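A lone chain, given as structure tokens: the form predicted on its own.
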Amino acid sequence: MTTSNPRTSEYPIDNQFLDRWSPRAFTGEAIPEATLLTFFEAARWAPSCFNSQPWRFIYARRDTEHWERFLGFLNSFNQGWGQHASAIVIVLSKTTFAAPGTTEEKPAPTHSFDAGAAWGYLALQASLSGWHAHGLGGIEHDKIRKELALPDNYAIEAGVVIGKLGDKSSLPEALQAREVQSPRNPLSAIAIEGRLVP
């Protein structure tokens, strides 16, 4: 068992897994590009099928020419608090790959799974570096595909906002109550030996 902040694991794990969380209150400070690239560097080392590395991270940092356009990639709810983040990232995955020793592109059945692993590495590195990354599904898929001119063989997986933890009083009252480190389902609900028991 490991305890960190209000969270406790059922089995011993490193504190980094308990300390990482996804706040919505950010300070609005700029993030140095080298700091953000460190998070992507961690993501680069995630495992993937055939080492195909299907993930792509398209990003904009606060106070740069791309910021307003990327803020517009979030739905209106997420724009409300995401506007105070330091970076906005769109996570893509390449849906095809060429197996080692070939040049023919074939469907990559684990592209989303692999991109999820890379996102997890990014989130942990951000947390270890004193920043926070909040993944979100509330993004404008059609707008992203059009404005980024994405090829058909790239899937839009999610958005991510990154920033330094801010004061929750900056959030609407309804969100302030949710600005806590969330619990998890019991381990027995997600790890089942033999067969799924719904």
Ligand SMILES: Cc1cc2nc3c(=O)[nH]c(=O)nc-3n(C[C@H](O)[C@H](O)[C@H](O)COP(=O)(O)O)c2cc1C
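This is a predicted model, so every value here is computed, not measured. One-based numbering along the sequence shown.
Heads up, the form predicted together with the ligand isn't pictured, but that's what we're talking about next.
Taking a 4.5 Å heavy atom cutoff to the ligand in the predicted complex, the contact residue among Leu148, Leu136, Leu165, Ala46 is Leu136. Ser182 belongs to the set of residues with a heavy atom inside 4.5 Å of the ligand in the predicted complex. Residue contact check for Trp119: one or more of its heavy atoms lie within 4.5 Å of the ligand in the predicted complex. Within this chain, Gln176 is remote from the site of the ligand in the predicted complex, having no heavy atom within 4.5 Å.
Shown alone here, Ser22 lies within 4.5 Å of the ligand in the predicted complex, counting heavy atoms only. Stretch-level contact check against the ligand in the predicted complex with heavy atoms at 4.5 Å: of 30 to 38, 46 to 54, 61 to 69, 137 to 145, the positive one is 137 to 145. Residues of 77 to 106 lying near the ligand in the predicted complex, listed in sequence order, are Phe77, Asn78, Trp81, the criterion being any heavy atom within 4.5 Å.
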